[in-house]
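This document starts with one chain, in the form predicted on its own, laid out as C-alpha coordinates.
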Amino acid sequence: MNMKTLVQRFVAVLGILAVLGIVGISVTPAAQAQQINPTAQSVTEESLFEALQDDQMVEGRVSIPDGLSSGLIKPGNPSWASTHTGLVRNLSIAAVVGAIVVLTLFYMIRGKIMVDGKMSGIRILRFTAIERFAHWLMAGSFIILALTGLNLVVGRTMILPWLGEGAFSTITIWGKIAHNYVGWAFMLGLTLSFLVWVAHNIPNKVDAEWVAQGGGLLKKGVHPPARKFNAGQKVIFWLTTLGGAALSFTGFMLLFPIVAGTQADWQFYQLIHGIVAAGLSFVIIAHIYIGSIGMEGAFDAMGTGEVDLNWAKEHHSLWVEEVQGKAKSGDSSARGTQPAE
(Lines give C-alpha, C1' and ligand atoms only; values in the text may rest on other atoms or scores of the structure.)
Protein backbone atom coordinates (compact mmCIF):
# COMPACT_ATOMS: atom_id res chain seq x y z
CA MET A 1 0.00 0.00 0.00
CA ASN A 2 1.59 3.22 -1.14
CA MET A 3 1.72 6.48 0.73
CA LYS A 4 -1.03 8.11 -1.35
CA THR A 5 -3.50 5.36 -0.48
CA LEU A 6 -2.71 5.64 3.23
CA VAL A 7 -3.29 9.38 3.21
CA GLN A 8 -6.61 8.95 1.41
CA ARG A 9 -7.82 6.36 3.94
CA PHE A 10 -6.69 8.55 6.85
CA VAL A 11 -8.60 11.50 5.48
CA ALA A 12 -11.67 9.33 4.96
CA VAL A 13 -11.57 8.10 8.57
CA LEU A 14 -11.25 11.67 9.85
CA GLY A 15 -14.22 12.66 7.73
CA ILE A 16 -16.31 9.82 9.10
CA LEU A 17 -15.36 10.73 12.67
CA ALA A 18 -16.19 14.38 12.05
CA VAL A 19 -19.61 13.49 10.65
CA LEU A 20 -20.34 11.20 13.57
CA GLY A 21 -19.27 13.93 16.03
CA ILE A 22 -21.56 16.51 14.47
CA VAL A 23 -24.50 14.16 14.41
CA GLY A 24 -23.82 13.10 17.96
CA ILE A 25 -23.77 16.71 19.15
CA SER A 26 -26.99 17.58 17.41
CA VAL A 27 -28.92 14.41 18.10
CA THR A 28 -28.00 13.54 21.66
CA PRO A 29 -29.37 16.69 23.40
CA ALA A 30 -32.55 16.48 21.33
CA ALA A 31 -33.05 12.91 22.34
CA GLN A 32 -32.49 13.80 25.96
CA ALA A 33 -34.91 16.75 25.72
CA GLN A 34 -37.59 14.48 24.36
CA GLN A 35 -37.32 12.38 27.48
CA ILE A 36 -38.36 15.32 29.74
CA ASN A 37 -42.06 16.00 30.38
CA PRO A 38 -42.34 19.58 31.75
CA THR A 39 -46.00 19.16 32.67
CA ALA A 40 -45.37 16.05 34.72
CA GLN A 41 -42.21 17.33 36.40
CA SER A 42 -43.29 20.90 37.26
CA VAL A 43 -46.09 22.54 39.24
CA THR A 44 -49.07 23.60 37.14
CA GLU A 45 -50.82 26.92 37.75
CA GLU A 46 -54.04 25.16 38.64
CA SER A 47 -52.43 22.91 41.23
CA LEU A 48 -50.53 25.90 42.64
CA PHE A 49 -53.76 27.85 43.24
CA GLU A 50 -55.34 24.77 44.82
CA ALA A 51 -52.42 24.35 47.21
CA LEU A 52 -52.26 27.98 48.32
CA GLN A 53 -54.72 29.35 50.85
CA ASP A 54 -56.28 32.82 50.59
CA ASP A 55 -53.71 34.38 52.90
CA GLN A 56 -50.73 32.70 51.20
CA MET A 57 -48.90 33.81 48.10
CA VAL A 58 -45.94 33.12 45.83
CA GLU A 59 -43.24 35.62 46.79
CA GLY A 60 -40.09 36.88 45.15
CA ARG A 61 -37.24 38.89 46.60
CA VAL A 62 -37.08 42.71 46.64
CA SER A 63 -34.44 45.15 47.80
CA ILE A 64 -36.82 48.02 48.64
CA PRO A 65 -38.32 48.47 52.14
CA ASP A 66 -41.85 47.67 50.96
CA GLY A 67 -42.06 43.92 51.48
CA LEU A 68 -45.59 43.80 50.05
CA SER A 69 -44.18 44.36 46.57
CA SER A 70 -42.58 40.90 46.67
CA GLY A 71 -45.96 39.22 46.24
CA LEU A 72 -46.29 37.65 42.80
CA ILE A 73 -49.36 35.43 42.97
CA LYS A 74 -52.02 35.41 45.67
CA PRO A 75 -55.25 33.41 45.18
CA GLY A 76 -57.17 35.71 47.56
CA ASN A 77 -56.61 38.79 45.39
CA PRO A 78 -59.32 38.04 42.77
CA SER A 79 -62.01 37.81 45.45
CA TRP A 80 -60.83 41.06 47.04
CA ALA A 81 -60.66 42.78 43.66
CA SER A 82 -64.19 41.71 42.81
CA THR A 83 -65.40 43.05 46.15
CA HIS A 84 -63.63 46.36 45.60
CA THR A 85 -64.70 46.87 42.02
CA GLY A 86 -68.19 45.57 42.75
CA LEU A 87 -69.17 46.91 46.17
CA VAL A 88 -67.24 50.19 46.09
CA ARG A 89 -68.18 50.93 42.50
CA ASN A 90 -71.87 50.28 43.13
CA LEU A 91 -71.87 52.37 46.31
CA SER A 92 -70.09 55.23 44.56
CA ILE A 93 -72.56 55.26 41.69
CA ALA A 94 -75.52 54.95 44.07
CA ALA A 95 -74.22 57.84 46.22
CA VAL A 96 -73.78 60.27 43.32
CA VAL A 97 -76.85 59.30 41.31
CA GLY A 98 -78.98 58.89 44.44
CA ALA A 99 -78.07 62.34 45.76
CA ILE A 100 -78.85 63.98 42.42
CA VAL A 101 -82.21 62.20 42.14
CA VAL A 102 -83.25 62.96 45.73
CA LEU A 103 -82.27 66.62 45.53
CA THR A 104 -83.94 67.05 42.15
CA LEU A 105 -87.19 65.66 43.53
CA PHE A 106 -86.87 67.85 46.63
CA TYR A 107 -86.35 70.93 44.47
CA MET A 108 -89.35 70.07 42.30
CA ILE A 109 -91.60 69.56 45.35
CA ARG A 110 -90.32 72.20 47.79
CA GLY A 111 -88.65 74.61 45.44
CA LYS A 112 -85.98 77.07 46.46
CA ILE A 113 -86.16 78.08 50.13
CA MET A 114 -86.75 81.82 50.03
CA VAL A 115 -86.61 84.51 52.71
CA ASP A 116 -90.23 85.13 53.75
CA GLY A 117 -89.78 88.88 54.03
CA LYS A 118 -87.76 91.01 51.67
CA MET A 119 -84.02 91.26 52.12
CA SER A 120 -83.28 94.03 54.59
CA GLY A 121 -80.19 95.31 52.84
CA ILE A 122 -78.36 95.15 56.16
CA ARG A 123 -75.39 92.81 56.21
CA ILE A 124 -74.07 90.92 59.22
CA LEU A 125 -70.73 89.15 59.41
CA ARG A 126 -71.26 85.42 59.65
CA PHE A 127 -67.87 83.89 58.88
CA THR A 128 -64.41 85.41 59.23
CA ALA A 129 -61.66 85.15 56.63
CA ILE A 130 -59.94 82.25 58.43
CA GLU A 131 -63.23 80.37 58.64
CA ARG A 132 -63.87 80.82 54.93
CA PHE A 133 -60.30 79.83 54.10
CA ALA A 134 -60.64 76.61 56.10
CA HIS A 135 -63.97 75.83 54.46
CA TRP A 136 -62.86 76.42 50.87
CA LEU A 137 -59.56 74.62 51.38
CA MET A 138 -61.42 71.56 52.61
CA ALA A 139 -64.26 71.86 50.09
CA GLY A 140 -62.08 72.52 47.04
CA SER A 141 -59.67 69.70 47.83
CA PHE A 142 -62.54 67.29 48.53
CA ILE A 143 -64.10 67.97 45.13
CA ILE A 144 -60.78 67.21 43.40
CA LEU A 145 -60.33 64.07 45.50
CA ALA A 146 -63.89 62.93 44.83
CA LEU A 147 -63.61 63.35 41.06
CA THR A 148 -60.20 61.71 40.76
CA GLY A 149 -61.18 58.92 43.15
CA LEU A 150 -64.42 58.30 41.29
CA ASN A 151 -62.43 57.97 38.08
CA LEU A 152 -60.27 55.27 39.68
CA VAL A 153 -63.39 53.33 40.67
CA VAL A 154 -65.68 53.65 37.65
CA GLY A 155 -63.43 55.20 35.00
CA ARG A 156 -62.41 51.96 33.30
CA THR A 157 -65.99 50.90 32.67
CA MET A 158 -67.73 54.26 32.18
CA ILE A 159 -65.16 56.82 31.01
CA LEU A 160 -62.61 54.75 29.05
CA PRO A 161 -65.08 53.69 26.31
CA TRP A 162 -66.11 57.32 25.88
CA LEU A 163 -62.69 59.04 25.89
CA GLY A 164 -60.53 56.32 24.41
CA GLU A 165 -57.37 54.74 25.82
CA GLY A 166 -54.99 57.66 25.16
CA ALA A 167 -57.03 60.44 26.75
CA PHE A 168 -58.24 58.23 29.59
CA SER A 169 -54.69 57.13 30.42
CA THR A 170 -53.44 60.72 30.55
CA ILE A 171 -56.34 61.91 32.72
CA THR A 172 -56.02 58.95 35.08
CA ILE A 173 -52.25 59.32 35.55
CA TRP A 174 -52.48 63.03 36.35
CA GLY A 175 -55.60 62.42 38.44
CA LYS A 176 -53.77 59.83 40.54
CA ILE A 177 -50.90 62.27 41.15
CA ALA A 178 -53.36 65.02 42.10
CA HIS A 179 -55.21 62.62 44.41
CA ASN A 180 -52.02 61.77 46.29
CA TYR A 181 -50.91 65.37 46.84
CA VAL A 182 -54.25 67.19 47.24
CA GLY A 183 -55.06 64.78 50.07
CA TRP A 184 -52.65 66.75 52.29
CA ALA A 185 -54.55 69.99 51.59
CA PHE A 186 -57.78 68.25 52.56
CA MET A 187 -56.26 67.12 55.85
CA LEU A 188 -55.16 70.68 56.62
CA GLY A 189 -58.56 72.13 55.76
CA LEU A 190 -60.28 69.47 57.82
CA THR A 191 -58.10 70.23 60.84
CA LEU A 192 -58.64 74.00 60.59
CA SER A 193 -62.40 73.59 60.16
CA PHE A 194 -62.57 71.40 63.24
CA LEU A 195 -60.61 73.86 65.35
CA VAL A 196 -62.64 76.94 64.41
CA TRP A 197 -66.08 75.33 64.56
CA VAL A 198 -66.09 72.47 67.04
CA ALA A 199 -67.22 74.76 69.89
CA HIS A 200 -70.32 75.76 67.88
CA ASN A 201 -71.27 72.20 66.93
CA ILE A 202 -71.85 70.62 70.34
CA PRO A 203 -75.46 69.27 70.35
CA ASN A 204 -77.92 70.96 72.71
CA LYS A 205 -81.66 70.99 73.45
CA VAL A 206 -82.29 73.66 70.82
CA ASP A 207 -81.35 71.11 68.18
CA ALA A 208 -84.19 68.82 69.26
CA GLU A 209 -86.75 71.54 68.53
CA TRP A 210 -85.13 72.22 65.16
CA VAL A 211 -85.38 68.54 64.23
CA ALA A 212 -88.99 68.33 65.45
CA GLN A 213 -89.94 71.13 63.04
CA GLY A 214 -87.99 69.62 60.15
CA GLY A 215 -85.63 72.53 60.17
CA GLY A 216 -88.20 74.58 58.31
CA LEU A 217 -87.15 72.79 55.14
CA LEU A 218 -90.38 70.91 54.56
CA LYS A 219 -92.91 73.67 55.16
CA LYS A 220 -92.85 77.32 54.18
CA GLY A 221 -93.02 79.92 56.93
CA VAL A 222 -91.55 77.62 59.59
CA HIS A 223 -88.34 78.93 61.14
CA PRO A 224 -87.20 76.99 64.23
CA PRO A 225 -84.66 78.78 66.42
CA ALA A 226 -80.98 77.97 65.96
CA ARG A 227 -77.63 79.22 67.08
CA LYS A 228 -74.67 79.73 64.73
CA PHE A 229 -75.15 76.18 63.42
CA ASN A 230 -78.48 74.37 63.37
CA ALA A 231 -78.94 70.65 63.95
CA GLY A 232 -78.67 69.82 60.24
CA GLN A 233 -75.39 71.69 59.92
CA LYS A 234 -74.08 69.97 63.02
CA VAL A 235 -74.84 66.58 61.51
CA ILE A 236 -72.93 67.58 58.38
CA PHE A 237 -70.06 68.90 60.51
CA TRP A 238 -69.62 65.67 62.46
CA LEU A 239 -70.12 63.42 59.44
CA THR A 240 -67.52 65.44 57.56
CA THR A 241 -65.14 65.49 60.53
CA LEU A 242 -65.37 61.78 61.30
CA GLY A 243 -65.58 60.71 57.67
CA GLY A 244 -62.73 63.02 56.73
CA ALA A 245 -60.62 61.63 59.56
CA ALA A 246 -61.29 58.10 58.33
CA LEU A 247 -60.37 59.09 54.78
CA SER A 248 -57.21 60.80 56.01
CA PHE A 249 -56.07 57.81 58.06
CA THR A 250 -56.80 55.17 55.42
CA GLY A 251 -55.40 57.42 52.69
CA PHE A 252 -52.15 57.76 54.64
CA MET A 253 -51.94 53.99 54.93
CA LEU A 254 -52.50 53.61 51.19
CA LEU A 255 -49.74 56.13 50.44
CA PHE A 256 -47.31 54.33 52.77
CA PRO A 257 -48.09 50.59 52.58
CA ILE A 258 -44.99 49.73 54.59
CA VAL A 259 -46.73 51.37 57.57
CA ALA A 260 -50.05 49.68 56.85
CA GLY A 261 -48.76 46.22 57.79
CA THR A 262 -49.72 43.13 55.87
CA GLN A 263 -51.27 43.05 52.43
CA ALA A 264 -54.60 42.08 54.01
CA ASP A 265 -54.43 45.23 56.16
CA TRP A 266 -53.70 47.38 53.11
CA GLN A 267 -56.64 45.89 51.24
CA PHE A 268 -58.90 46.52 54.24
CA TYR A 269 -57.85 50.17 54.36
CA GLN A 270 -58.56 50.56 50.65
CA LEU A 271 -62.01 49.04 51.05
CA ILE A 272 -62.88 51.34 53.97
CA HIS A 273 -61.47 54.31 52.07
CA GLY A 274 -63.79 53.66 49.14
CA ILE A 275 -66.91 53.05 51.24
CA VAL A 276 -66.43 56.16 53.40
CA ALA A 277 -65.70 58.28 50.31
CA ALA A 278 -68.96 57.15 48.71
CA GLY A 279 -71.01 57.98 51.80
CA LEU A 280 -69.33 61.34 52.35
CA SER A 281 -69.89 62.25 48.70
CA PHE A 282 -73.64 61.92 49.24
CA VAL A 283 -73.44 64.24 52.28
CA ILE A 284 -71.33 66.84 50.50
CA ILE A 285 -73.55 66.92 47.41
CA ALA A 286 -76.54 67.64 49.68
CA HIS A 287 -74.53 70.33 51.47
CA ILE A 288 -73.54 71.97 48.16
CA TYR A 289 -77.18 72.02 47.08
CA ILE A 290 -78.56 73.68 50.22
CA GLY A 291 -75.69 76.15 50.30
CA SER A 292 -76.18 77.29 46.72
CA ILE A 293 -79.35 76.91 44.62
CA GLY A 294 -81.38 75.33 47.41
CA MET A 295 -81.63 78.34 49.70
CA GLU A 296 -81.77 82.04 48.94
CA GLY A 297 -78.89 84.00 50.45
CA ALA A 298 -77.06 80.95 51.80
CA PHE A 299 -74.04 81.16 49.50
CA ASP A 300 -73.20 84.65 50.76
CA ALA A 301 -72.12 83.14 54.08
CA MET A 302 -69.11 81.49 52.46
CA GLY A 303 -68.88 83.85 49.52
CA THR A 304 -68.35 87.25 51.14
CA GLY A 305 -68.70 86.12 54.75
CA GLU A 306 -71.68 88.43 55.27
CA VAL A 307 -75.40 87.54 55.12
CA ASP A 308 -78.57 89.59 55.06
CA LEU A 309 -79.93 90.34 58.52
CA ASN A 310 -83.43 89.04 57.69
CA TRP A 311 -81.95 85.80 56.37
CA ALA A 312 -79.96 85.40 59.57
CA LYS A 313 -83.01 86.06 61.75
CA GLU A 314 -85.07 83.42 59.95
CA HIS A 315 -82.45 80.66 59.97
CA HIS A 316 -80.25 81.47 62.99
CA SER A 317 -82.32 83.72 65.25
CA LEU A 318 -80.57 82.82 68.51
CA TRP A 319 -77.18 83.49 66.97
CA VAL A 320 -78.32 86.94 65.77
CA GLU A 321 -79.57 87.79 69.27
CA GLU A 322 -76.27 86.68 70.74
CA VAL A 323 -74.25 88.76 68.26
CA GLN A 324 -76.38 91.87 68.70
CA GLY A 325 -76.30 91.48 72.48
CA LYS A 326 -72.50 91.35 72.48
CA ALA A 327 -72.34 94.36 70.17
CA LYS A 328 -74.58 96.43 72.47
CA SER A 329 -72.58 95.48 75.54
CA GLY A 330 -69.33 96.41 73.83
CA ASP A 331 -67.95 92.87 74.05
CA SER A 332 -64.64 92.80 72.16
CA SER A 333 -65.44 89.28 70.89
CA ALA A 334 -68.29 90.78 68.86
CA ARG A 335 -65.97 93.13 66.97
CA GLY A 336 -66.72 93.00 63.29
CA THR A 337 -70.11 91.35 63.82
CA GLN A 338 -72.23 94.47 64.11
CA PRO A 339 -74.88 94.81 61.42
CA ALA A 340 -73.86 97.33 58.80
CA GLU A 341 -75.48 98.71 55.70
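Residue positions are given as counts along the sequence shown, with the first one as 1. Bear in mind that the values here come from a model prediction, so they are computed numbers and not experimental data.
One more form of this protein, predicted together with a small molecule, exists but is not displayed; see below.
Participant: Of these, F133, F168, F237, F106, which has a heavy atom no more than 4.5 Å from the small molecule in the predicted complex?
Facilitator: By the 4.5 Å heavy-atom cutoff, the listed residue in contact is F237.
Participant: Using a 4.5 Å cut on heavy atoms, which of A245, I100, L188, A139 is close to the small molecule in the predicted complex?
Facilitator: Here the answer is residue option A139.
Participant: Looking at 259-267, 90-98, 156-164, 225-233, which one sits within 4.5 Å of the small molecule in the predicted complex if you count heavy atoms only?
Facilitator: Of the options given, it is 225-233.
Participant: Within 4.5 Å of the small molecule in the predicted complex, do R126, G291 and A298 each have at least one heavy atom?
Facilitator: Yes, each of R126, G291 and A298 comes within 4.5 Å of the small molecule in the predicted complex.
Participant: With a cut-off of 4.5 Å between heavy atoms, is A312 one of the residues that contacts the small molecule in the predicted complex?
Facilitator: Outside the cut-off, so no.
Participant: Residue-level question: is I143 within 4.5 Å of the small molecule in the predicted complex, judged on heavy atoms?
Facilitator: Residue-level check for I143: yes, a contact with the small molecule.
Participant: Flag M302 as yes or no: does it have a non-hydrogen atom within 4.5 angstroms of any non-hydrogen atom of the small molecule in the predicted complex?
Facilitator: Output for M302 is yes: heavy atoms within 4.5 Å of the small molecule.
Participant: Would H273 count as touching the small molecule in the predicted complex under a 4.5 Å heavy atom rule?
Facilitator: Close contact is absent here: in the predicted complex, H273 is far from the small molecule, nothing within 4.5 Å, heavy atoms only.
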